[in-house]
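Heads up, what comes next is one protein chain in two forms, each shown on its own as structure tokens, labelled structure 1 and structure 2.
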Structure 1
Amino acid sequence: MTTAEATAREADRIIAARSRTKLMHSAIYLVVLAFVLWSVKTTIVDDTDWARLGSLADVLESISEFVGIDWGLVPNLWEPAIETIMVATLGTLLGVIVCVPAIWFGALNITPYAPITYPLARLMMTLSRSIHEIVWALFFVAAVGLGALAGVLAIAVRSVGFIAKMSAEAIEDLDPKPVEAIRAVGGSDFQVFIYAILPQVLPAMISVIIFEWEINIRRSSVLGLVGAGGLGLVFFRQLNTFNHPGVSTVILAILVLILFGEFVSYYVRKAII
């Protein structure tokens, strides 16, 4: 077999392999598309009460009821808005405090006893993230009653998973050389943490905490739906009294509050980090 023939045969083999790969990818795409179409049909088309939905004119008429602002409600939104921010802030701070042992146990390179403390911390993080904040709020409303305290506790527990996970992973990815250097000169575990670990992970931890606080403003805005105070409680009342412009007014207030949180978090992050 000449070199030209070997080259041509190799080229044919590569082309055939690429054709098989393209055919396999096309088959996968078709299966995914069929699954998506089946999901849409099952969850939307078959499960929607189209008779109750009505015509397009009926839908537009229903939407038009929410157009407008209840200006008389605006002065009554200041206190719930401040309460919403305080719930988010206090919940985040409490979550940071609760995160300390979770971060310590959940970082594999500093956990005290990996076979027990590491899976225990990871279980705590997973449990916190797996349960929605409204479910946590329902639990704490049943435990401590209606009001902002239930919202603070729900936000704190919900924040543990994200803050602890991101901080623990930052500790696991740090440069081990400063840690080894301080240990080599006889430094204690506390000194290793203060002078070798904390300076490396502090910017990332602060960024995560600020980002979580921003998210918690949105979370605390809806916790009032289950009796945890704030703008969510006002939203629930307006919805129950069929004051549709009032509902739109509260939604706009929540949007302004979220934009305020993004503005503050951006400049705080820029100033500190």
Structure 2
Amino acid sequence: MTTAEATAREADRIIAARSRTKLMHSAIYLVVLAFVLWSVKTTIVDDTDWARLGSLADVLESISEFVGIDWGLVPNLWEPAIETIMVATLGTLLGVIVCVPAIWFGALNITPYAPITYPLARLMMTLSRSIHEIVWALFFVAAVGLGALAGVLAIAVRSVGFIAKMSAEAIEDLDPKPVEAIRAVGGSDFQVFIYAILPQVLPAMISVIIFEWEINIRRSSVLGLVGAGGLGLVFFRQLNTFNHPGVSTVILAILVLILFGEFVSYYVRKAII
């Protein structure tokens, strides 16, 4: 009987503890929810021009305008699609080239002078990653004018951060013995990099580069919106001429392009690794 009582008391204690945790969790969720609701009010309820929006039927009608494919547009999509791929590819390649110093400076075990070069490289990587590609494209359009070059540069600069970060991390994790071996035969820093470090991290780097290339197709497909060529420009034109099925067509084309990119990267990855 006493054991039963003890069990009952223990059960009460556990139930009390569990409801305390539950209460605390609910409090946290309530705060989150309150902030969500408040944000919904300020951003969506107050900021939306409900008169312009009209009724649900109006919204559905304007959505329905996008349904359909403008087959007439399809032949005109080849060129910008190829352009988009090219911009992505050239941008990725240029990014890889720009990456080399960033990787060299940004891996703690090979950086030439850690107190200065390491933070410098980290800053480069962060800047590159933290600024959106549209902003980079705007900047380069201002610098080199409208056209594919601005797109290539924007893609390149935007890619540096991720590739360099992943590669530098791969280098920091590598096996130090071959490095010592090349040092021991009197290799220079550069030779050490080429003969001891690169071979070890190349597979990882290549896979990062392919991954970034895939993402870059997605990016380069919109750079045309700010004047850097490719499918984005066609998209913009369809939108401005209110050819809404054309807009959907361009979006589908982008999807196809990205699928193509995934396909290619799958096979390249399989062939290389």
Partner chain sequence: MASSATTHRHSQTRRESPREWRRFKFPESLYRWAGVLLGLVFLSYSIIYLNIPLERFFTMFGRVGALITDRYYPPEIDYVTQPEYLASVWETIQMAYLGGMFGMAMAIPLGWFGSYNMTPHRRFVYPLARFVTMSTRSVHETIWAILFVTILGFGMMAGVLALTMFCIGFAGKLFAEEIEAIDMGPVEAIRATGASELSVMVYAVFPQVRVAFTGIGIYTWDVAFRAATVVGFFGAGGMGWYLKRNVLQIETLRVSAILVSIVVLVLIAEGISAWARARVAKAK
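The shown structure was predicted, so the numbers you read here are calculated from the model rather than taken from an experiment. Only the largest set of C-alpha atoms that superpose within 1.5 Å between the two forms is called the rigid core. Here, residue number means position along structure 1's sequence, counting from 1.
The form predicted on its own appears here as structure 1; structure 2 is the other form of the chain. Residue displacement note: A143 has its CA displaced by under 2 Å between the two structures (rigid core superposed). For I194, a C-alpha deviation of 2 angstroms or more is recorded between the two structures after rigid-core alignment. Core-superposed comparison between the two structures: the C-alpha position of V185 differs by no less than 2 Å. Its Cα shifted by 3.7 Å between the two structures, T42 is reported here after superposition on the rigid core.
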